[in-house]
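For this one, two forms of the same chain are given in structure tokens, first as structure 1 and then as structure 2.
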Structure 1
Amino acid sequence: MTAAEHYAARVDAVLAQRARLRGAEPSGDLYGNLEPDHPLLKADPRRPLDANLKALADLIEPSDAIVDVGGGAGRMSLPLALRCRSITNVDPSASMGAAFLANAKAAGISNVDLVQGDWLAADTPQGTVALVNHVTYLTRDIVPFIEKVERAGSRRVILTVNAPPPPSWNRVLFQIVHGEAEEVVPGHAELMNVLWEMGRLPDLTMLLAQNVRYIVPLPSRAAALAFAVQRVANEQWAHWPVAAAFEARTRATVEQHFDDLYAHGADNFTPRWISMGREVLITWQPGK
């Protein structure tokens, strides 16, 4: 099995397990029902750069035209718009695209454009830098995806993933609730193997942890239960409402194992199960 075939097999295994346990993914925009101030839709482009975003910004030149592949609401790319010539966001979600344009307008950023559509189906925008943040986990056709990314970023490709990958941060909780091991999406190791197989020799840098913001104390037992149920529901990036029976069964299981899943403070509960991890920066110059 080639590295690309192994990558596709990992995605297939995750999607098959997700469909069996959570049902088929519904049609339409999965993010259409989010509240306007949801963290996925709202981000301040003029916020101070954290260390990880600064590592990306250090690779950007003022003359760069950035193509943000699956850029969502612009959480990563809009701060970079202040440091480059232009940003073009290619994203399939209408609600994410609307939030991207709204965030840019609210911040007084005008050097942006939006292409709504799936990356492999959309016309390839021409830029100097292709930016791909946490998009590759469920990208089955990874070789044509990367080839198209390279066509969009003539000077540099900047790609981030997390180790462990966000769609499987709750694998301990997943096994407790479902009674079986979670199929895990491809991460940086599988991606690097594909790139090497394609003849690419990228630089890889381990950045800081990104999921520590989820390991925070919950103020009550009820809040802790709701948090755990939501984490199970969204695992493997199943971002759609759960059935009442699924929610009830998950809540009962979490209740049964509550003392093992949460560390008890004086007046709060902190999740034990979430895997600490590091963000991984992978970058290369196409043709070099």
Structure 2
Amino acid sequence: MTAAEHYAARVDAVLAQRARLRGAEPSGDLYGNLEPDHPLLKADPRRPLDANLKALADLIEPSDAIVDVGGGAGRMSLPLALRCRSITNVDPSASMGAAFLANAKAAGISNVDLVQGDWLAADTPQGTVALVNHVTYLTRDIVPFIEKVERAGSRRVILTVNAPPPPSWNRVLFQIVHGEAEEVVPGHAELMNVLWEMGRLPDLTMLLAQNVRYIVPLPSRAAALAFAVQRVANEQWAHWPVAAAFEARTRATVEQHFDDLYAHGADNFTPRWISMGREVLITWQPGK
């Protein structure tokens, strides 16, 4: 098996398991149900740069036109818009796109543009830097995807993934609820193997844990239960409503394992099963 075939096989295994356990992915906007204050949707573009975002910003030049592939609501690229010529976000999600434009407007940022569409189907915007943050985990056709990314970023490609990958952050809970091991999406190792197979020699840097509000103490047992049910439902990025029977069964299992799953504070409960790991920066100069 080639590295690209292995990558596709990982994605296929995840999608097959997800379809069996959670049903088929509904058509429409996959991110349409995110709560409005979800960290992917709400991030102030003018916030001070954390160490991970600074590592990306250090690779940007003021004259750069950045193509943000799957840029979502601009969590990563809008702070960079303040440090470069322009940002073009290519993303199929209407809700992410609307949040991107709203976040830019609220921050007084006007050098941004949105193309609503799938990366492989969209016309390739011509930029100097291609930015790809947390998009590749379920990208089955990874080689054409990367080749197109390179065409969009003539000077540099900047790509980040997380280790472990976010769609598989809840694998411990998944195993308890479903009684089987989770199929895990491809991450940095599988991606590096594909890039090496393509003859690319990227730099890889292990950054810190992502600065997102994900492992937060829950204020009540009811909130902790609801959080765990939601995490199981959304694992493997199944971001769609749950059936009542699935919810009831998951809730009952979480109840049963509650004391193992949560660290009890004086007045809160903190999930024990999630390991955020570290963000991984992969970057290279196309053609060099």
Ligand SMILES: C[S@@+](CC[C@H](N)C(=O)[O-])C[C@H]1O[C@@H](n2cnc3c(N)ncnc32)[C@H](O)[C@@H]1O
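All residue numbers here refer to structure 1's sequence, counted from 1. Nothing here was measured: the structure is a model prediction, and the numbers come from that model. In this text, rigid core is short for the largest set of C-alphas that superpose within 1.5 Å between two forms.
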**Request:** Only one of these is the form predicted alone, so let me know which.
**Result:** 1
**Message:** Using a rigid core superposition, assess whether Asn33 undergoes a CA shift of 2 Å or more between structures 1 and 2.
**Reply:** yes
